[in-house]
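Only one chain is given next, in structure tokens, and it is the form predicted on its own.
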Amino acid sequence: MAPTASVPAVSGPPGLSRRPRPRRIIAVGGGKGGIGKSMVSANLGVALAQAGLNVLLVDADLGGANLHTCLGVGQPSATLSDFLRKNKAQLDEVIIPTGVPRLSLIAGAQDALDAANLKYAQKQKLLKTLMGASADYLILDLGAGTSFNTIDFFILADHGVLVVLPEPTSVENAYRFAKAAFFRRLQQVESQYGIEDIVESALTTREGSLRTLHDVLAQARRKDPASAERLERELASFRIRLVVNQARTDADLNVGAAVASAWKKFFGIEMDDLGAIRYDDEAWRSVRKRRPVLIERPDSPASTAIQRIAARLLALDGTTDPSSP
């Protein structure tokens, strides 16, 4: 295992901030299904493992688990369901090998209805346990949409990676996902800053004035300028990492930068464009073969793009590739 650096406490659901945790958590989400989240998660895990890091992939798509298929792993003998139902008391009992050195997997829950409606106590147990997992990187492959379970996993992560297709409907859904994540984050700290009424107004007024960070902070300053200043500093760390998948044209390659710019202009928060993955027949063929494209065709355009995205995440963490000379 690569040496683990000390990590600052993470802001998240109550009771989690001081627990032991992996070096870094990456959550891969999206506003709609069929955009390639699982493909990105699986191959990002392969890329980081190939860089010499210990990686644990978790299929957290509660109700639509298929990450094991992307990795060519057969029907798992133990899944997230077993851990949640206490058939397996320890997380290690549901971790399975993937065949890729340094890359392990927790397969997703198979009983879709129970898992998709995860109870609060189950979610807390899962979050606390995952944050104590022994890994350099923990990658959560999330379900589509903006349910509380999905959003809570997303904002828990050090890197919330939002996958989007270069299509108007996908971009619109990605914006909704980002906004839902931001306001969910506000809900987690509202009592700390005394802004419960402001957040409630923002969430319940369909066409109200509280639609951006600027709006929320302006209201907060009227109540307590000092508290609003602390809130602004805390929320400055809320930065979504954007990945454009299946880019077919040169214009598609610029969609990420355009979305990030619009988000900053209209919402007042930075968004990082990690890059685009070109549409690649090799990636499609690899999916059909149930093999990560980084394993099946490491020289393909899709593989090269994913390796660049992994390198950018490592650079954001100040981590160099352990396998580099």
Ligand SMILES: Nc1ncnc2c1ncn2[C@@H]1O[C@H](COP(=O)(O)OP(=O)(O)OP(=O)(O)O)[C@@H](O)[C@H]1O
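One rule holds for the numbers: they count along the sequence shown, beginning at 1. Just so it is clear, the structure is predicted and the values come from calculations on it, not from any experiment.
Another form, the form predicted in complex with this ligand, is not on view; read the next lines as being about it.
Under a 4.5 angstroms non-hydrogen atom cutoff, this ligand in the model of the complex has V287 among its neighbouring residues. Proximity of Q122 to this ligand in the model of the complex: non-hydrogen atoms within 4.5 Å are absent; the residue sits far from the partner. Contact annotation: D280 falls within 4.5 Å of this ligand in the model of the complex, judged by heavy atom distances. Under a 4.5 angstroms non-hydrogen atom cutoff, this ligand in the model of the complex has I35 among its neighbouring residues.
For this ligand in the model of the complex, the listed stretch (222-230, 166-174, 93-101, 238-246) containing residues with heavy atoms inside 4.5 Å is 238-246.
Contact annotation: of the candidates M39, A60, I26, L48, the single residue with a non-hydrogen atom within 4.5 angstroms of this ligand in the model of the complex is M39. Of the listed positions (L213, V73, A180, A144), a single one reaches within 4.5 angstroms of this ligand by any non-hydrogen atom in the model of the complex, namely A144.
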